[in-house]
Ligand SMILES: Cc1cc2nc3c(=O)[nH]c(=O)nc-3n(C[C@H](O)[C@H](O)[C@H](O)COP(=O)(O)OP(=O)(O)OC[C@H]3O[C@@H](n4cnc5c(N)ncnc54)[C@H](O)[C@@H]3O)c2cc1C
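Given as structure tokens, the chain that follows is alone and in the form predicted on its own.
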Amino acid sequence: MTENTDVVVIGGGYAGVMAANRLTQREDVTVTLINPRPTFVARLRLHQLVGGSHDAVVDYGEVLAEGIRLVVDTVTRIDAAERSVTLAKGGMVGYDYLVYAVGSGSADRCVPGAAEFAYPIATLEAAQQLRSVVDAAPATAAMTVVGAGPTGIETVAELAELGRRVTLVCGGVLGPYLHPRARRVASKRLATLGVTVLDGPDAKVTAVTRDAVQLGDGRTLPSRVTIWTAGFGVPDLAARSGLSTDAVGRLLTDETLTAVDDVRIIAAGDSAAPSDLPFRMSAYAAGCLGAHAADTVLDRIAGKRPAPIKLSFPAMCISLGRRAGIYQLAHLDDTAMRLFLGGRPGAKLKELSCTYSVKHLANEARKPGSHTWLKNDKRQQLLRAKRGQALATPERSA
């Protein structure tokens, strides 16, 4: 009689759902998904939630394979020695293998006053609260978005399309990832929407008050609503559980996504740091890493040697409101090409990427093992260049 293998997946985002679905390829594997919310959060649409064009949630029945046990709770501790996790509501869940996919959230807002007076947007609850704050603010109220990455750009464009008077404080350049040609297109679009863009080395927030934002060059901007999109952080569950992490708190793994401390723990998504050189945080990467994490677990169950992760980033998509966007194509090393699509074509490709980020999960639920992605060997070269030595991935016994 075949022995059953229990796999617990912590986190029901893009990485966790993909991993859980893919693990159902084997009938002798029981999958438990633990997530603090009863619905899937489409994080790519949180800026739309703030703007009122999408609710950013999907029923798990649409994206989760039948037979997966969903536990709505929060894991407070991982006991690697006992192979169990402790739940906030009480009780423990044992596992043979654990997939660590806790995702990411807002970074610590260390600027004076930011934690008290600036609103984050990186989680469903934060975006819902911000939606209420925006709706309650007078139509003429000055608003400030801090941070000029994709989230900041998308959020400021959504608000501007609503007719809001909004300023984007970049803290550097607008859209650092974008090619300069695409950056100019984004800047022109924001100007058309009436957004005031403050960029350059002096456009850094030094303090936030209830009604204003102070900049490094001494300027004070009136701001009835200040939105903080600068940076992301990860939950401290791994560190609290005594597992090795990088400086940010991501779980340290080898190139197969196996934790350096324990062969039974595999990480995926924003909370994974393979070889202390994590991939760019994105829903696309999360889904691919979730699939690879599941493959690593399945290989170990089958007694096979897991393969190292190979992942190529084909593009970055940024919406500029509901009628324009930027689809920035990328080289294999995840740097921007000169080639991009803007305007309505860019908006349509952005919408497709949001739609398919969820559809890929649903497809994997119906046909586990079907998800594929672009792969390349550039990462090995990058690791050698970063570390000055050939990458070694020693196999450890279970």
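Don't overthink the numbering: it's just position in the shown sequence, from 1. Every value quoted in this text rests on a predicted model; they were computed, and no experiment measured them.
One more form of this protein, predicted in complex with this ligand, exists but is not displayed; see below.
Taking non-hydrogen atoms only, residue 177 never approaches this ligand to within 4.5 angstroms in the predicted bound form.
Under a 4.5 angstroms non-hydrogen atom cutoff, this ligand in the predicted bound form lacks residue 312 among its neighbouring residues. For the chain shown alone, residue 103 is a contact residue for this ligand in the predicted bound form, at least one non-hydrogen atom being within 4.5 angstroms. Residue 19 falls outside the set of residues with a heavy atom inside 4.5 Å of this ligand in the predicted bound form. With respect to this ligand in the predicted bound form, the three residues 44, 154 and 269 uniformly fall within 4.5 angstroms at the level of their nearest heavy atom. A heavy atom within 4.5 Å of this ligand in the predicted bound form is found for one listed residue only; from 273, 283, 185, 243, this is 283. Proximity to this ligand in the predicted bound form, defined as a heavy atom within 4.5 Å, singles out one entry of 122, 170, 143, 324, which is 122. Exactly one of the stretches 134 to 142, 213 to 221, 229 to 237, 256 to 264 approaches this ligand in the predicted bound form with heavy atoms within 4.5 Å, and it is 229 to 237. The partner is not shown here, but in the predicted bound form the stretch 54 to 89 reaches within 4.5 angstroms of this ligand through a heavy atom at 73, 74, 75.
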